[in-house]
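Next comes just one chain, in structure tokens: the form predicted alone.
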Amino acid sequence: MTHSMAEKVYVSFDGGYSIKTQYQQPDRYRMLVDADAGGYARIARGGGYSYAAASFGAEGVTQEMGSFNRVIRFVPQERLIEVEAGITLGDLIGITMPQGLWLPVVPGYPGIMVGGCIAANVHGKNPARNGAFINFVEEIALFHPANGVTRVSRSANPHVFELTCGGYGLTGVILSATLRLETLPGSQLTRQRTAVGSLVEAARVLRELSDTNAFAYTFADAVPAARTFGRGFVYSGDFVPGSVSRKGGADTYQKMTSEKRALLPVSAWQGGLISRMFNTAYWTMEAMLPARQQITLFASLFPFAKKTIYFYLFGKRGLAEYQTLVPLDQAEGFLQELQRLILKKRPPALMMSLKAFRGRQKYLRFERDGICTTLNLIRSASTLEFLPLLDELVIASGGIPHIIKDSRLPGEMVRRSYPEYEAFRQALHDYDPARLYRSELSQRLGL
């Protein structure tokens, strides 16, 4: 293997898996091509914000794509932009905003790269209205040593396009993507905060607000205390008409990596008392603020960009994030049973969030009609004992777990919950019989 191969320790963002492995930092396409001599297993890596080990593993080499961050083509009048896979969402927003355009589906941190968004088929702040990232991808330039560079889209190589969007980097290296943008109604939004007393109430309010707002999601107290569990807020908002700014782009934000997130030797959240104090303080401070506030587009897209302290406080051992998508007709029963389970088993849970979803579930993509529930817990022995119980509840409720959000998610759980698991696995092996692109995630899931 050529071109400055070295070793380093990679860690999943949740802190649940780490390993020393080979890596490469190419800055030319030629280096990617040359590195393929010898048939080594490999996997591409973007910003490294996946909670699961999707961009590294025990075999092969990780190819870091951060140097491939250019805009290849931007045609504002057609609302199309072609960018290299290593461009960050923050930089992308900074380029499109002054032209009165935006990408409605982005995950919660501006350092995430476009290639990773495609590989994980991420969602944004209102998936009931906008769906997932695949809806805004027009074409992908994909490299695989057996095929060279190919262009895949809904009309050209559609089977490879379907495998690549939400394919966790297993079809090859995403070199660039052409994205469809939307007209930006404004660079300022009015955010409305609605207090709710339970998860079921939050889900009902959320469904009412998702269709008529640019964003809608919830925050809820998940500390296992009967008096306060599930109370929280539904945040929704829409654009202030005529507030588009042509002068500036993205805001500055606090740079965070999976390695920096783990700097504290122990978690500051340890102990239920501190977690309860945090949730109480958050509730009190929010309740003191006006229910309606004007915020920037950047703040609405990336609410944690300037609040990264939350993740640092989990310390070196990390957090466990469980995200699941349950059908609408099962959602209320699932939320009630989840509350019962948490209050009975008392895992070190901290907070929860809900979103409404609409979409078509295909292969291993986290997408369907339903309610998405995200639960954050302190990583501990009791958490790891609790999560298999949650797996079974999700199965019983007809839900699917988000593969990219859980570094310990068993392959058997994915096989049981995703109806097209075997179809994805077979299609992947048909496309790449040598299974050249591999990661810890793909090995764990038996792909």
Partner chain sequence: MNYVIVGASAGVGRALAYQFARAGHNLVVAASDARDLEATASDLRIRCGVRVETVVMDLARIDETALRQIEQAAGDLGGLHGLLLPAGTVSPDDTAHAASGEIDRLTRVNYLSMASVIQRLLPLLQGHPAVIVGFGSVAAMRGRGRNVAYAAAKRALESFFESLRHAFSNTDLNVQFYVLGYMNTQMAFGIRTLLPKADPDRLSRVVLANIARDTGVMYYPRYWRFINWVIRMIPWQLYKRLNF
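Note that the structure is a prediction, hence the values are computed from the model and not measured. Numbering follows the first chain given and starts at 1.
A second form of this protein, the form predicted together with its partner chain, is not displayed here; the remarks below concern that form.
Student: Even though its partner chain is not shown here, does it sit in the model of the complex so that 332, 335 and 351 each have a heavy atom within 4.5 Å?
Tutor: The answer is no; none of 332, 335 and 351 reaches its partner chain.
Student: Hey, of 307 to 315, 68 to 76, 210 to 218, 116 to 124, which bit sits against its partner chain in the model of the complex at 4.5 Å between non-hydrogen atoms?
Tutor: Only one stretch qualifies here: 68 to 76.
Student: So in the model of the complex, does any heavy atom of residue 23 sit within 4.5 Å of its partner chain?
Tutor: Residue 23 belongs to the contact set for its partner chain.
Student: Using heavy atoms and a 4.5 Å limit, would one call residue 27 a contact residue for its partner chain in the model of the complex?
Tutor: Residue 27: yes, in contact with its partner chain in the model of the complex.
Student: Using heavy atoms and a 4.5 Å limit, would one call residue 87 a contact residue for its partner chain in the model of the complex?
Tutor: Taking the distances in the model of the complex, the answer for residue 87 is yes, it comes within 4.5 Å of its partner chain.
Student: How about residue 33 - does it come within 4.5 Å of its partner chain in the model of the complex, if we only consider non-hydrogen atoms?
Tutor: Residue 33: contacts its partner chain in the model of the complex.
Student: Which pick from 162, 91, 238, 201 sits with a heavy atom within 4.5 Å of its partner chain in the model of the complex?
Tutor: Residue within 4.5 Å of the partner: 91.
Student: Consider the chain as shown here, without its partner, and state which of 295, 268, 343, 95 has a heavy atom within 4.5 Å of its partner chain in the model of the complex.
Tutor: Only one listed residue qualifies here, and that residue is 95.
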